[in-house]
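Read the single chain below, which is given as structure tokens and is the form predicted on its own.
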Amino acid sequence: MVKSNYAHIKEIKEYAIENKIPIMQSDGIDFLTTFIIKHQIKNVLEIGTAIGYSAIMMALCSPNLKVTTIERDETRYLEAIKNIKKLNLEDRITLIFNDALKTRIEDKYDLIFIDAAKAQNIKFFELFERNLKEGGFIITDNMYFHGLVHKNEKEIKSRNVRGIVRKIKDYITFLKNNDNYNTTIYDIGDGIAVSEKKSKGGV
């Protein structure tokens, strides 16, 4: 990564902290970018751009990678545009301003990265898996939801948060019971699920 890029990335991280915008933890982003390099991923569909941090980090790790990313929050979307321009990645990162559940895409991708509203994970998975190439991967972040997924639900005071935790647990069950994918949940960052699409002829 060139020196000026480091400064821009630092600014993005600081902006996220100041404005309480959740972005991937450092070990999570390291896992994701290493995975992209290892599996020679050429194109990614990201559900949940936020301010563009993960899309930028993915694009920077591989010079031929193209990212299409969807964001419904206008303020975050506009900030993402600004950040992507700063790093001169407009030709490799395509931003879509829309609710992902109302977005239809025809292209096929090597990797789909889900990092949006946690309660909607199953819907995102079912909607966009048709855009996944044979043998491709769906990666989902925040599987532990700040460690709360491992807690007794009675200990969680907020009804809202309890609801999200329950939905994430449902999503974990959904992944484990999905015979079309092999899923592993890694104890990295805030919990990362990697679901590999089985080829039609084999395991």
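Here the structure is a predicted model, which is why all the values come from computation and not from measurement. The first residue of the shown sequence is 1; numbering continues from there.
A second form of this protein, the form predicted in complex with ligand SAH, is not displayed here; the remarks below concern that form.
**Student:** Can any non-hydrogen atom of M24 be found within 4.5 angstroms of ligand SAH in the model of the complex?
**Tutor:** Yes, M24 sits close enough to ligand SAH in the model of the complex that at least one of its heavy atoms falls within 4.5 Å.
**Student:** Using a 4.5 angstroms cut-off on non-hydrogen atoms, would S54 count as touching ligand SAH in the model of the complex?
**Tutor:** Answer yes; at least one heavy atom of S54 falls within 4.5 Å of ligand SAH in the model of the complex.
**Student:** Whether T94 contacts ligand SAH in the model of the complex should be assessed with a 4.5 Å heavy atom distance threshold; does it?
**Tutor:** Heavy-atom contact with ligand SAH at 4.5 Å: absent for T94.
**Student:** Are any of the heavy atoms in A116 no more than 4.5 Å from a heavy atom of ligand SAH in the model of the complex?
**Tutor:** Residue-level check for A116: yes, a contact with ligand SAH.
**Student:** I need the one stretch from 64 to 72, 33 to 41, 132 to 140, 166 to 174 whose residues put non-hydrogen atoms within 4.5 angstroms of ligand SAH in the model of the complex.
**Tutor:** Partner-contacting stretch among the options: 64 to 72.
**Student:** Give a yes or no on whether every one of F125, D179 and S195 sits within 4.5 angstroms of ligand SAH in the model of the complex by heavy atom.
**Tutor:** No, none of F125, D179 and S195 comes within 4.5 Å of ligand SAH in the model of the complex.
**Student:** Who in 48 to 67 is close to ligand SAH in the model of the complex, meaning a heavy atom within 4.5 Å?
**Tutor:** Heavy-atom contacts to ligand SAH in the model of the complex: G48, T49, A50, Y53, S54.
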